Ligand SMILES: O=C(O)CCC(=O)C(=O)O
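There is one chain below, alone, in structure tokens, taken in the form predicted alone.
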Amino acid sequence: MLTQTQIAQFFDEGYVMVPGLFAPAELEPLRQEIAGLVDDTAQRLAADGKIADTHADEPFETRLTRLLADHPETQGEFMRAIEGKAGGGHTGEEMFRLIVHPRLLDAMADLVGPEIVASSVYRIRPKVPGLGRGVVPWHQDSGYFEAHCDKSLIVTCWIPLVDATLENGCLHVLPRAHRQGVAPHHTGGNAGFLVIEDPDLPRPLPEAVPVPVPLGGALLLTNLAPHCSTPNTTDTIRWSVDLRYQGADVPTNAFQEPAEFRTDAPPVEIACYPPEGDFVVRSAAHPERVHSYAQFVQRRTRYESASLPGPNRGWQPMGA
């Protein structure tokens, strides 16, 4: 799926932007599914007397902005509906269809091989104008994972559901910095995110590269690529999803039930992110292990109910 040039850039620079991975129309069902989450929540809040206007005539790109402008105190309720229970990822059927999209898996196979596990950490990201939590500081995805996975490849596939531009807050990447391993991270960044403080950024510090992504394109990042997300200065929402994939040789809980988790297990038996369930999306060697949509929902639900502990890397608060 990927060209040799794209593959080389991914491994040399730590990222590559792939335009036209999807036809824009292929992303419309997920846009509509997310719009339904917003509508359901707005209708419920209106019925409870918490909002006066559901802004039903507003399009996908602006409706949540109008709702939160009227009632910023409802932000938490909308985010929980959009992100899934406890932030564990929305489990709608269109979300699953995107995760297992054949062309996307073909691209992942070019990077991680033919045995592909969808990493448990995937999210829907609405970057609402003026909403502080939409600004994400410099970090590496590995800062959130177990330390024994630092040398494993976990690919982040960042897919905008609108054109991602400089103005609405596209991602910025530090090219080639993935070669220096995992930098120290600190807790207490904006909106509770981890942050690499300036003294801990790679040296010599490469020039940050903004990466606009047109609708239908995707930004692929290694788990060691430092990246950040800048403010949205427009009046529309920069909707996006980020998905993660790994090879079957990377530690996973795809074949483990929550009750089987042990903190004293050998590292190879501890998933890179234990609180949420991984699932198999492609396997030539063992096609019977590929999870169906129903199995995917069951795994995600069981892991959310179990409330397993997340990685504890001993990151210190900012300024410490």
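Bear in mind that the values here come from a model prediction, so they are computed numbers and not experimental data. Throughout, we count residues from 1 along the sequence that is shown.
If you look for the form predicted together with this ligand, you will not find it shown, but the lines that follow are about it.
S.K.: Which of 156, 120, 236, 152 has a heavy atom within 4.5 Å of this ligand in the model of the complex?
M.R.: Residue within 4.5 Å of the partner: 156.
S.K.: Pick from 110, 242, 146, 115: which has a non-hydrogen atom within 4.5 Å of this ligand in the model of the complex?
M.R.: Going through each option in turn, the one that passes is 242.
S.K.: Okay, which stretch from 206-214, 99-107, 70-78, 132-140 lines this ligand in the model of the complex, with non-hydrogen atoms inside 4.5 Å?
M.R.: Among the listed stretches, the partner-contacting one is 132-140.
S.K.: So in the model of the complex, does any heavy atom of residue 125 sit within 4.5 Å of this ligand?
M.R.: Yes - in the model of the complex, heavy atoms of residue 125 and this ligand come within 4.5 Å of each other.
S.K.: Using the partner position in the model of the complex, report whether residue 229 sits within 4.5 Å of this ligand, counting heavy atoms only.
M.R.: Result yes; residue 229 sits at the interface with this ligand in the model of the complex.
S.K.: Residue-level contact is defined here as any heavy atom of the residue lying within 4.5 Å of this ligand in the model of the complex; does residue 218 satisfy this criterion?
M.R.: No, no contact at 4.5 Å.
S.K.: Report whether the minimum heavy atom distance between residue 173 and this ligand in the model of the complex is within 4.5 Å.
M.R.: The answer is no: residue 173 has no heavy atom within 4.5 Å of this ligand.
S.K.: Can you list, in sequence order, the residues from 56-73 that come within 4.5 Å of this ligand in the model of the complex, counting heavy atoms only?
M.R.: Nothing in the stretch sits within 4.5 Å of the partner.
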